[in-house]
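Take a look at this one chain, the form predicted alone, written out in structure tokens.
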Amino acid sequence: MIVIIDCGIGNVGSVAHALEYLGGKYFISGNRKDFESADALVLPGVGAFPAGMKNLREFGLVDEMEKQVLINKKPFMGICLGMQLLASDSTEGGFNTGLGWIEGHVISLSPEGNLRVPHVGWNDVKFDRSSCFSHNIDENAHFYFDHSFHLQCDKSLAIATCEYGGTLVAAIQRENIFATQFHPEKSQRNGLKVLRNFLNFVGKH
């Protein structure tokens, strides 16, 4: 059973619909008590980094998330802002600390070539073919993005990248933690493949 974390920062309905289509068992909750019985956690996110961290703290979710993901090693998936919040810090709206699960920094997009910010729309994504999350995904498959900030982290954590006036991290993995900058729930067939790979990952843990 997967808990889709609802603390007012993500379009949980779209993620739930996609998991339901794939036959995944889930429930939506912003109650930390539900995390203990979950097999995995998903944190969707849209909006600004400061508001995202504020909501996680005000809902009292951070300690329980860390217990279940960092200590109990339950599979975790972050989406868009849900990925950025894993970082050490962000410059969005001033300097703000993140969850710190991933050593990295979230900074504003400044693409070369006068490309538009935010980065909105479809873009090719190149996966590391050794990652289990690349299974059944074609080379340079298209995924949907919508962001003005991006994660900078060690290359060893990046399992997918995209080009937008430079190379951007599109997905990361560290042990049981997986996250995407793109929105798989809005990426049609390719997005469903990523979510299927996550469900398979959960099934092996």
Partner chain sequence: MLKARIVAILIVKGEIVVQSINFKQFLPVGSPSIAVDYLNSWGVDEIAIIDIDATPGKRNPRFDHISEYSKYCQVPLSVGGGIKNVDDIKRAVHIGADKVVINTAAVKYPRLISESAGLFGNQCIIVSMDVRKVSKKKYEVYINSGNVSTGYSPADLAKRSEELGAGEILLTSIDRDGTKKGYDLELIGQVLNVVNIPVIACGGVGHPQHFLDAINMGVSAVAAANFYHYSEHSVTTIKSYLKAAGANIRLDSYATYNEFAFDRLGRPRKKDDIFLEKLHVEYIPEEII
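Residue numbers count along the first chain shown, from 1. What you see is a predicted model; the values in this text were computed from it and never measured.
There is another form of this protein, the form predicted in complex with the partner chain, and it is not shown here; the text below is about that form.
Peer 1: Hey, of 126-134, 109-117, 68-76, 94-102, which bit sits against the partner chain in the predicted bound form at 4.5 Å between non-hydrogen atoms?
Peer 2: Result of the contact check: 109-117.
Peer 1: In the predicted bound form, does Gly203 come within 4.5 Å of the partner chain, counting heavy atoms only?
Peer 2: Gly203: no, not in contact with the partner chain in the predicted bound form.
Peer 1: Residue-level question: is Val46 within 4.5 Å of the partner chain in the predicted bound form, judged on heavy atoms?
Peer 2: It does: once the partner chain is placed as it appears in the predicted bound form, Val46 has a heavy atom within 4.5 Å of it.
Peer 1: Test of understanding: in the predicted bound form, would Tyr144 fall inside 4.5 Å of the partner chain by heavy atoms?
Peer 2: Because a heavy atom of Tyr144 falls inside 4.5 Å of the partner chain in the predicted bound form, the answer is yes.
Peer 1: Considering only heavy atoms, tell me if Ser148 and the partner chain come within 4.5 Å of each other in the predicted bound form.
Peer 2: Heavy-atom contact with the partner chain at 4.5 Å: present for Ser148.
Peer 1: For the stretch 1-22, return the residues whose heavy atoms include at least one within 4.5 Å of the partner chain in the predicted bound form, in the order they occur.
Peer 2: Heavy-atom contacts within 4.5 Å come from Asp6, Gly8, Ile9, Gly10, Asn11, Val12, Gly13, Ser14, His17, Tyr21, Leu22.
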